[in-house]
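As a starting point, one isolated chain is supplied in structure tokens, in the form predicted on its own.
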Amino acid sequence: MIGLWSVPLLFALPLALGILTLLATPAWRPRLSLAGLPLLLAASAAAFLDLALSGPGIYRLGDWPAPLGINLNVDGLSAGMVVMTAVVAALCAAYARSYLRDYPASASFFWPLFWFLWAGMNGIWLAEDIFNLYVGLEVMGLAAVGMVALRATPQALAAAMRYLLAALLGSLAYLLGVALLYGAYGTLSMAGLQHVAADNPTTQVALALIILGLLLKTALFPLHAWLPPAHGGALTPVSALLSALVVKGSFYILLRLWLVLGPEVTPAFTAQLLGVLGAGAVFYGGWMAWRQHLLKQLVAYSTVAQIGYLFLFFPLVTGTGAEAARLAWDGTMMMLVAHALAKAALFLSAGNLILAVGSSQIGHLVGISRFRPLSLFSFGLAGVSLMGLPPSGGFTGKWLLLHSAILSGQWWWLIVLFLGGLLSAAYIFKVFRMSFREGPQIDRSVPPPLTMDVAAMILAASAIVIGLTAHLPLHWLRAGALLGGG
């Protein structure tokens, strides 16, 4: 058991800041938020340092044992997600500080929702039992729906309502599965379920409901219809937070549950089915991204596609050898982190380009390369990772997945990785082709504030650097993992 002060602060600080910013006047909300960012960054770094010094362990909230108390799981994966969330959220907050000056009405509620969203995500990364995972999902999901509605246009409200319905249906299915497992085994702890859960119809129905609910929340093809209007139509910093972080929450829970229960108590074809749905997402999302005429819709459909790669994890770790499973774990972790950095960068730089030309139409980017080279460079760097080109994090992740597929004899996933990369290149170069074309559409542009360009550039550069230094994050992400050899 570990006992560093920083772990409870990962919930308490964002919750307190959410309440404070809700009670404060609109003028004080961004000031309080910017003052709180260093505190939460420090708490996240301290939690990671505690992992490095003490190793993986369980933190008992209030020092009360379960089931009365709440156990928090601090291992390499959870600490890595906490740090990733802190980095992406802090840069999105810096971007939002400048961006929201043009949206004073939306800015009033952005900051409280931002902090509640962060609290919900930290709750998911650290929760050790399946009910508190549900609580984290609800807090994060409701805050995310509120952020989608911030534009207050008919389109934004319709997208938020569609998102809310999908989130509620997903939550209902997940909660029914949790109730079945608790009724059958009398425990909500994942460690407890690992020891007592048996291969029987009750467990299989419960897991089927949980998986269905989480797939809907992750927007895996063909359950993705709510995602493009929600992510593509939201305010730009909201789009970045949703695509980079929020969709990872439900995938993270599915990954955790699969490692604890999946291979033993689910039918053998389930892992292959999840892989096939992931492949469908890669092809459909990539194709639809290429067909879009609006820049943020293109990036939103790219999220649908990139989510699909994460689901190759399940067939590559189920019924395969230890080395193939370890490579699949490393590849999925690298894709998870690289996509979060690259997608946040892509949305922020797309927002800068839209601000520059005053239009979200890709066709209106003609000639923008002469006026906004820095924004376009950030967009391109993030695109390098999404396409899976060296030396980016996306390349390292796909390379590891490729080796896992070869080692496990599942060659058909190589086709998905190869064709998915080509589709990604097609929609990224569609934007570049228009930007470098000379034409009469633009003779001047509106420069975004320097903070907005710098935030996008830091995220895009990080998506490249993490590929060059992949052994470091992978070393820590393996700590305490069932398949990571840590």
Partner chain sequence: MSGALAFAWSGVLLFGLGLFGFIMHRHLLRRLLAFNIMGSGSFLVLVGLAQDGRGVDPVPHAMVITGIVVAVASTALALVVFRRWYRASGRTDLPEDT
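Residue numbers count along the first chain shown, from 1. Quick caveat, the model's predicted, so the values are computed rather than measured.
FYI, the form predicted together with the partner chain isn't displayed, but the following is about it.
With respect to the partner chain in the model of the complex, the three residues A455, M457 and I464 uniformly fall beyond 4.5 angstroms at the level of their nearest heavy atom.
Proximity to the partner chain in the model of the complex, taken as a non-hydrogen atom within 4.5 angstroms, holds for one residue of Y103, Y182, F377, F283, which is Y182.
Think of it this way: in the model of the complex, the partner chain has a heavy atom of just one of V276, L407, L168, I415 within 4.5 Å, and the residue is L168. Proximity of F371 to the partner chain in the model of the complex falls outside the 4.5 Å heavy atom cutoff. Although the partner is absent from this view, H293 stays clear of the partner chain in the model of the complex, with no non-hydrogen atom inside 4.5 angstroms. In the model of the complex, the partner chain lies farther than 4.5 Å from every heavy atom of P222. By the criterion of a heavy atom within 4.5 Å, Y252 is excluded from the residues contacting the partner chain in the model of the complex.
Stretch-level contact check against the partner chain in the model of the complex with heavy atoms at 4.5 Å: of 149-157, 84-92, 264-272, 315-323, the positive one is 149-157. Taking a 4.5 Å heavy atom cutoff to the partner chain in the model of the complex, none of the residues in 309-346 make contact.
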